[in-house]
Ligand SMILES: Cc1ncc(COP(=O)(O)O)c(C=O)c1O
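Only one chain is given next, in structure tokens, and it is the form predicted alone.
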């Protein structure tokens, strides 16, 4: 529960939001939203003047921090010039953003971009494009991955308790990939990778590989575990797709735009998917914008075949202007290079935390994306809540609340506490926040068997 507000203005805002607004992913009577008064850089403040370091970049999207003046100014300028134009028109910011993405940022096999508003609809678009291009109906997706809450995207989710509407749509098949912390029976990550690739190949054959349009995955599973696969697994997926004429789709909504220290995780793993979906970090949440990058062969297909998807706000001018400014910030401030430097610090500090706390069964990180896996029993590594449950249990809530009382804002899902600070964080700030995490984990230690 949040600390009760003393400030009357903040209390009034909180009460009005609870009275008239629906909050997602929640039982409404349990909702207790913090009233936020302002944001700046790494931080946000409540109406009582308390400052919080945003250690998960909100929803792993505010990569350049809050209120960057260059992005804000680009939005203001665009609002004055042309706040909206329908998707059928060409305009300067759409042209420049498209060029930037294809010529300077995306993997070299990408040829065009279809803009969306967010990650879920980007994944919906990718789904339709894959089915249209291949003429096939089945879609393979991986357990643990998350792709969105719209109908089609929800069917692709690999959560054990999926937030899916019923009835479910047929033709969506799940498979497991390597999860090093769980796969302790294997001698190595490479052995686990080979096993899951053999299993997937058998599943494809059994389902009829000639009926499978795409394999759609998060290259690094994000909020459901920060699961980092061996490079051999993603290379193996590429080979399987090539063998059976299946499209490989990377959902990079969370990992794209610098989170791994590269523009896309595809570059980090040295894999060229056929389609990449993105959102979050392209505007860092300042304005909604997402999209789908497609390879040359798919772009050529769409030259003579109708694309059957769209939104009123595709390629929104405000979103395009904010995205161009955000990309320029990444470049001018060398944020990708800085992320790679801070990744070394994060990995080292997380290892210290693992050694110190018996409640920490595992830590893992890539770039500035880290996960702390808490356990109930240090010997058996029994989890606090059953695997597959995404709601945080008592121990996770105690940890998150303890960190927040000390001014570090985080979130946890199931047994995973996510560490994903804005990419602009400096070494001293990173270590200071992790010291708070270290201290807060004492709340978890106390709840162990």
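Positions refer to the first chain, counted from 1. Keep in mind the model is a prediction, meaning the values are calculated, not measured.
Missing here is the form predicted together with this ligand; even so, the following discussion is about that form.
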Only one of 373, 349, 274, 218 has a non-hydrogen atom within 4.5 angstroms of this ligand in the model of the complex; which is it?
218
Tell me, out of 280, 93, 142, 316, which residue has a non-hydrogen atom within 4.5 angstroms of this ligand in the model of the complex.
280
Tell me which stretch of 338-346, 113-121, 238-246, 261-269 has a heavy atom within 4.5 angstroms of this ligand in the model of the complex.
113-121
Using the partner position in the model of the complex, report whether residue 154 sits within 4.5 Å of this ligand, counting heavy atoms only.
no
Using a 4.5 angstroms cut-off on non-hydrogen atoms, would residue 298 count as touching this ligand in the model of the complex?
no
Within 4.5 Å, heavy atoms only: does residue 284 come near this ligand in the model of the complex?
no
So, residue 254 and this ligand: in the model of the complex, are they within 4.5 Å at any heavy atom pair?
yes
Output the sequence-ordered list of residues from 142-157 with at least one heavy atom within 4.5 Å of this ligand in the model of the complex.
146, 147, 148
